[in-house]
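First, one chain by itself: the form predicted alone, in structure tokens.
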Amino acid sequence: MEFKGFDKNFNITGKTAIITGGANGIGRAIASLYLEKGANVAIFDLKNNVEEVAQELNPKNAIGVKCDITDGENINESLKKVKDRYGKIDILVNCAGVALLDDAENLSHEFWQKTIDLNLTASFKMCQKVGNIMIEQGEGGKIINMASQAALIALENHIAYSASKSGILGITKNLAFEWAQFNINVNAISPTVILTELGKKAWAGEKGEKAKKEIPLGRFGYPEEVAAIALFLASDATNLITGENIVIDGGNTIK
């Protein structure tokens, strides 16, 4: 295959990206950066203000779709809206997720099941449905799954979350292997604590200061830093990278 080069400014102009959980936090940062780099963006989120978020980010090149990604039929309806608007799908970012934490001896079945249903099963549903569209289009594609440092190391009260994110790594590797023949790249990103509004509240005060001391670089991350990796993985610069997991954790998992 002849090397055709890539845009060294990492523009993804004309590409259509779906970002689940894109109404706030990391997902919103990714949506904002993708739009800045020329993509059309469809934000899938359960939040009632998802359409307003899309309009705020870019009324011309972004749409907000209220979507329950645990519901296969709702996904189908939402994907049709994207295809009707933009004609194709080139990039999927699975960013929606939940963290329901408790110690292993007391974790409820409800917490376990909700975590697995949203973080793992729904992400696979999105991969499968979008992947089939990409295969039918015949032009390849990029799928980026949000995993976590919790897939790599043990964290207190994270057993369900860790299980779901470990599963994401397994899905990523297997889909990358199966879909390489269709030029679909599938990769994952594993962040440490990221200072979204939720992250700031959850890790404020002494708890956060103690946790940062365990990180070699001594700090948590910002949504924009994760978005930069998601842009890299969506760009043509990574056409030879698939089945990989990029860890953004300040060195926390190298100890």
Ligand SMILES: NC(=O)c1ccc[n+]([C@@H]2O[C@H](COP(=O)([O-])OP(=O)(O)OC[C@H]3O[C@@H](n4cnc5c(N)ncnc54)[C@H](O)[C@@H]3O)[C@@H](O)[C@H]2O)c1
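Here the structure is a predicted model, which means the values were calculated and not measured. Position 1 is the first residue in the sequence shown; the rest follow in order.
There is also a form predicted together with the named molecule; it is not shown, and the following applies to it.
Enquirer: Should Thr70 be counted as a contact of the named molecule in the predicted bound form, where contact means heavy atoms within 4.5 Å?
Expert: Residue-level check for Thr70: yes, a contact with the named molecule.
Enquirer: Would Val41 show up as a contact with the named molecule in the predicted bound form if we use heavy atoms at 4.5 Å?
Expert: It does not: once the named molecule is placed as it appears in the predicted bound form, Val41 has no heavy atom within 4.5 Å of it.
Enquirer: Indicate whether Leu35 is a 4.5 Å heavy atom neighbour of the named molecule in the predicted bound form.
Expert: Close contact is absent here: in the predicted bound form, Leu35 is far from the named molecule, nothing within 4.5 Å, heavy atoms only.
Enquirer: If you check in the predicted bound form, is Leu92 within 4.5 Å of the named molecule, heavy atoms only?
Expert: Leu92: no, not in contact with the named molecule in the predicted bound form.
Enquirer: Using a 4.5 Å heavy atom cut-off, which residue among Asn11, Thr238, Asn24, Asn245 comes into contact with the named molecule in the predicted bound form?
Expert: Spelling it out, the residue with a heavy atom inside the cut-off is Asn24.
Enquirer: If the cut-off is 4.5 angstroms on heavy atoms, which of these, Ala227, Leu57, Ile63, Val193, is the one near the named molecule in the predicted bound form?
Expert: That would be Val193.
Enquirer: Among 132-140, 146-154, 105-113, 78-86, which stretch sits within 4.5 Å of the named molecule in the predicted bound form, heavy atoms only?
Expert: Of the options given, it is 146-154.
Enquirer: In sequence order, which positions of 87-115 have a non-hydrogen atom within 4.5 Å of the named molecule in the predicted bound form?
Expert: Heavy-atom contacts within 4.5 Å come from Cys95, Ala96, Gly97.
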